[in-house]
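Only one chain is included here, represented as structure tokens and corresponding to the form predicted alone.
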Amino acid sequence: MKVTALDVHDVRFPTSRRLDGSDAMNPDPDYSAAYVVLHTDTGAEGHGFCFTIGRGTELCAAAIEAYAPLIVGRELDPADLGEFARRLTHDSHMRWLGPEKGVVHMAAAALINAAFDLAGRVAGKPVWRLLADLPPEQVVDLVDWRYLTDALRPDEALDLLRTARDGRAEREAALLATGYPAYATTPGWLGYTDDKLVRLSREAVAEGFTQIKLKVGSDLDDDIRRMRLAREAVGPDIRIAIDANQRWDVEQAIAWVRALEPYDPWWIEEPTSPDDVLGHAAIRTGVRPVRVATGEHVANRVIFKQMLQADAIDFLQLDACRVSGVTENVAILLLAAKYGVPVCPHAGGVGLCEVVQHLSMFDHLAVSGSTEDRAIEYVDHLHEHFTDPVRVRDGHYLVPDAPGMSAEIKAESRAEYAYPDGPVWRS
């Protein structure tokens, strides 16, 4: 099929009004999306986006439009999306602006994810199944292997994928029956009152979640108090992860986490700069037995490769829209499987829960073959704006069955929350 046009939308939700999403580094986010629709000469469409938090969304939208000459009027083969992705990420002019990081890489993610959404719709399959049904050789062909072969070679990836075929039928039956494990971040936003923290923590446990997450990093005394309240609210058997959103230097991170250790934090997430591989390794050594997690702001597969090579993380938190979409995330899942590191994706935001569930379910069926110590982040915000919203029951993501990547925002929501001229923003 041929791509005939792409429509780009700047969609912003005023979540800062209630401090939803607030943390030590991002005190007032307005969850937003630079959103794209691919149109084809067959009438089929593909929807994708990159997630932002307000100002700057227009930059991502402009970058998506800047890719149009590489896409519009060109053929798009749903059976060769590795080629489509490399066409965007290898373009020398656009690559120069990264390379393979930042606004241009996030824009590429929106387009690549939209192409997978399109492929799923054409095949009549949700993207998790579209990927899981691919022969191992085709999965390997999705990956851009440049810069990776010192850590993982294509033949090793083939072996991983072939080994994961064992027991797939049983895993799929269990997945369809009970879903994929989730953890709840909803209770822990930094701007919430103590009463709201306690109430939402108890509600999360009652809803079947066995792990919650609290934002930390602004004031140590506040963090100690909030951790104590959360631990008292949920009891000793519920995991409480903590997330500093890159707030600290290395030594500060170690000291801060040690001060919270009496309340048994499960992991410390984003303790320092996402680019600081050696800093994460030092923190991991310094805070044991508390674990280290990061990934939502890691720019590309190369930094993830180094994190794994340096034994810098205990949990890898890929983001569906930060790196260049499905294809690069397939590479990251394969790297994590090679190094035996569990993947617990970043979600929440607007639409991240919807799209990343497909990657975790594919990983479970076709790559890692495990859900041990794995969970997808869940935040109970803005799902009502999607045509195929996530469904969570008993602390698990239920399997999406609609064709595509669950990425489509309702047309009326796109119009109402369009920035700056939508009714919500005019008022």
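Numbering starts at 1 and runs along the sequence shown. Keep in mind that this is a model prediction, so the values were computed, not measured.
Not pictured, yet referred to below: the form predicted in complex with another copy of the chain.
The stretch in contact with another copy of the chain in the predicted bound form, judged by heavy atoms within 4.5 Å, is 144 to 152, chosen from 113 to 121, 171 to 179, 144 to 152, 72 to 80. Annotation: in the predicted bound form, residues Lys338, Ser368 and Glu372 none come within 4.5 Å of another copy of the chain through any heavy atom. Residue-level contacts in the predicted bound form: of Arg202, His297, Lys125, Arg239, one residue has a heavy atom within 4.5 Å of another copy of the chain, and it is His297. Met94 is the sole member of Leu134, Met227, Met94, Ala164 with a non-hydrogen atom within 4.5 Å of another copy of the chain in the predicted bound form.
At a distance threshold of 4.5 angstroms between non-hydrogen atoms, Leu334 is out of contact with another copy of the chain in the predicted bound form. Interface membership of Ala33, defined by any non-hydrogen atom within 4.5 Å of another copy of the chain in the predicted bound form, is ruled out. Another copy of the chain is not shown here, and in the predicted bound form it never comes within 4.5 Å of any heavy atom of Arg393. The closest heavy atom approach of Ala44 to another copy of the chain in the predicted bound form falls outside 4.5 Å. Contact annotation for 258 to 287: residues with any non-hydrogen atom within 4.5 angstroms of another copy of the chain in the predicted bound form are Thr272, Ser273, Pro274, Asp275, Asp276, Val277, Leu278, listed in sequence order.
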